[in-house]
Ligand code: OGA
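For reference, the chain that follows is the form predicted alone, supplied as structure tokens.
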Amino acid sequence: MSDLATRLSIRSLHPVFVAEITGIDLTVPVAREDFQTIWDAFNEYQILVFRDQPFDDDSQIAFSRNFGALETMEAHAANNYRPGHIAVMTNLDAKGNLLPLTDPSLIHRLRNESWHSDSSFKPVAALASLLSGRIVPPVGGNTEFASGRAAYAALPDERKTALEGLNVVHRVTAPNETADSRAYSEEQKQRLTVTHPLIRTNPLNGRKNLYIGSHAHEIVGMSREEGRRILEELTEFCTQPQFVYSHPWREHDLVIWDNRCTLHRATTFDKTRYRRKLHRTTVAGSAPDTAMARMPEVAT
């Protein structure tokens, strides 16, 4: 093991998930044995927090590729129809000025304040997201995370049995939101409507979790009303305080989360007063899930 790896320290931040890792600079190439520690912690804790990581976009992309190939964003209002590997979560325009609350990008980004899993509307859903705090407000603007794994474990056995084998339709658009629907073309809406199992399993450790969120619209084989009722009930169960961690951002934080087993949402802040800018990279998933049973090759 390298000298750097021996200095890595992992500290739990929540009783059921989330850990902070210190003792490593992620803005430079990471040794394989160091990434092995990170990969193992990612699969165990689901959410990883790293402080004092002053990324630029190139170094963030380079580190993110250790987890696998990166997604390219769909072009839509939230990114000014400019796809790429970096999604910018901000209330600022290109010159750094505050955007009006009526700006289409801010209206679209309100969806981020609902519980969701990134890219669950894609045929192969995302593995991980990495969010870098570039500008953070002094008050508010936390990101909250909920563990679908801990929630599943807390369900009664008969409830787990009833949910096993169910499949859920995920869509890129939010239910009953006409403004959101207009942000996507008909081709995108059709292509980004997919079906995933309600219960997923991490192939590395065999742990099961609920796979739900705001993109989950209905359950295959049920009426829309009954499916929505069950999905909303499960989301409410999953987002109880004992399963939730709220991350207070500091400048240069990096937070990594496992989209396979967690939900997340942004919390609001005074967007007319404070500036906020977070840069996200998203790691594409693999199909089937067993493809991710081993650590990815470290990027060089």
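Counting begins at 1, following the sequence as shown. Being a predicted model, the structure only gives us computed values, none of them experimental.
Beyond the structure shown, there is the form predicted in complex with the named molecule, which is absent from this document and is the topic of what follows.
For the options A126, L131, I219, A183, the residue carrying a heavy atom within 4.5 angstroms of the named molecule in the model of the complex is L131. Think of it this way: in the model of the complex, the named molecule has a heavy atom of just one of A284, L278, I24, V16 within 4.5 Å, and the residue is L278. Only one segment in the set 63-71, 47-55, 34-42, 262-270 has residues whose heavy atoms sit within 4.5 Å of the named molecule in the model of the complex; it is 262-270. Within this chain, L192 is remote from the site of the named molecule in the model of the complex, having no heavy atom within 4.5 Å. Of the heavy atoms in N142, some are within 4.5 Å of the named molecule in the model of the complex. Not displayed here, the named molecule is kept clear of R149 by more than 4.5 Å at the level of heavy atoms in the model of the complex. Within this chain, T173 is remote from the site of the named molecule in the model of the complex, having no heavy atom within 4.5 Å. Taking the named molecule as positioned in the model of the complex, the residues of 103-117 that bring a heavy atom within 4.5 Å of it are, in sequence order, N112, H116.
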